[in-house]
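As a starting point, one isolated chain is supplied in C-alpha cells, in the form predicted alone.
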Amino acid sequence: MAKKKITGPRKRGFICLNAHPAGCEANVQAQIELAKQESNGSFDNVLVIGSSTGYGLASTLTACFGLGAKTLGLCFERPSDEKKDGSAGWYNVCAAHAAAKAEGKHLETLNIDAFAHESKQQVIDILKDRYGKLDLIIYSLASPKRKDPDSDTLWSSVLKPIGETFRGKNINLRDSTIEEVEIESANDEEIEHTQRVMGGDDWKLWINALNEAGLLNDGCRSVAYSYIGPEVTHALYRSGTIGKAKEDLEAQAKDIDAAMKSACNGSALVSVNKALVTQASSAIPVVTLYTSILYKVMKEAGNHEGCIEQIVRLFKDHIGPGATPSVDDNGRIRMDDLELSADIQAKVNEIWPTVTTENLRDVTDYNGFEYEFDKLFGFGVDGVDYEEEVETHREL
C-alpha cells in the first residue's frame, strides 16, 4: 500500500507537475451533479475519444450520468502506483469510475494511444463484445504529439504565427506580470506537423474504422471540438498553426459528415466552444490574458459558463436525444455565441489596453484564472483539507 502524504502543488510556469486525488474527486463529483441536469431522453452507447479532462471529461460525465448511456472513454494518462502519483486526468477517470459503480452506471475507460491502429481495433472488439452500435461519438483528443500509425514518423505540434513574427501582450504565469512576447513565424514543416496532430486525420480514421465494423447506429452523430476566439487572439491562434489545424478539422468534418449520412443517416459536426482555462490554453500567450478579462466580463454579465455547464447546454440544445443542431453558415455549432457577442467583446476590448502588472487583479479576473488553473489539478477545491495526508494511489 502506498504511503499517505500531504500533497501540495508543484508548478513550473504554465505546468503543474502533480495532482491531488481528493481534489480531483471533488471536481468530478461536482460535474456529475451538473451533468444530471441533462435528462432529455437517453442514449444506449457513447464513445468518447479523449475522456479524462476538459470538454472530453464533461462529455463523458454528461453521457453516463445525464443520459444513462453505456459509456466507453479513451485517454492516455499517467497512472498512479504505490511509488508515484498519477496525473490529474488519471485521478479524474478513477473518480468517475467510482461514482459510476456507486450509482449503477456503466462506464469503462481504456488508457491507450488512441492514434494507433491497434487501439482502434481493441475498441472495436470491446464495442462488439459489450456494447453494440454507437449513438454518439465525441472526438476530444488534445495531444502535443502524434505518431503516424503507418510509420515511425512522430509529428509534433507547435504554437506559432504564420507569415510574420507575433508580438503581443501576455501574462507571465511564473511571476504574474504583464509582459510583451515575441514569437517567430512557423515554417512549412511546423505547419504540416501541427495539422497532422490537431487536424481531422485521426477523427476520420476513427469514423471509417467504426463504420467498416458496422458500429454506427441509425442516426449516429459524431462531434469534434474546436475554437475560434476573438480578433485579439487571431494572429497567434486562429491565423496561426493551431488555427490551420482547426481549419483542417472543420474541412474534414464535411467529408466525415457525408460518409456518415451515407452509412447510417448520421452526421458529423464541429462544436466551436468557449475559451476556458485548460492546461493547453494556459500555454498559449495572449489567450491567458484574454481569458482573464473574458471571465470578469462574462461573470459580471451573468452569462459565464464553465466546462460542464457548456457541455450540458450542448447536449440539451444540439446533440442529445431528440435535439436538432443549430449551425452557422459553415455548418458549425457555435457554443461560443455568448463569448463572441458584441457587448461582451466590446467590454473586453475596452479593458485590454488598460491592463498592467499593477492593476492585473483589479481589472481582470486573474484571481479566477489562477483558481480554475489550480482546480484542473485538484488544488484549491472547496471542502478539501489540504493539510490532511492523502493516499495518492488510485485504480480503475
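This is a predicted model, so every value here is computed, not measured. Residues carry their position along the shown sequence, with the first being 1.
One more form of this protein, predicted together with a small molecule, exists but is not displayed; see below.
Trainee: Let me know the one among 112, 323, 178, 98 whose heavy atoms come within 4.5 Å of the small molecule in the predicted complex, would you?
Mentor: None of the others qualify; the residue that does is 112.
Trainee: Please tell me which of 217, 239, 267, 143 lies within 4.5 Å of the small molecule in the predicted complex, judged by heavy atoms.
Mentor: Exactly one listed residue reaches within 4.5 Å, namely 143.
Trainee: Does at least one non-hydrogen atom of residue 276 fall within 4.5 angstroms of the small molecule in the predicted complex?
Mentor: Although the small molecule is absent here, residue 276 would touch it in the predicted complex, with heavy atoms inside 4.5 Å.
Trainee: Under a 4.5 Å heavy atom criterion, is residue 226 part of the interface with the small molecule in the predicted complex?
Mentor: Result yes; residue 226 sits at the interface with the small molecule in the predicted complex.
Trainee: Answer for residue 308 alone: is it within 4.5 Å of the small molecule in the predicted complex, judged on heavy atom distances?
Mentor: Because no heavy atom of residue 308 falls inside 4.5 Å of the small molecule in the predicted complex, the answer is no.
Trainee: Residue-level contact is defined here as any heavy atom of the residue lying within 4.5 Å of the small molecule in the predicted complex; does residue 281 satisfy this criterion?
Mentor: So residue 281 counts as contacting the small molecule.
Trainee: Heavy atoms within 4.5 Å of the small molecule in the predicted complex: which stretch among 28-36, 340-348, 367-375, 51-59?
Mentor: Careful reading of the contacts points to 51-59.
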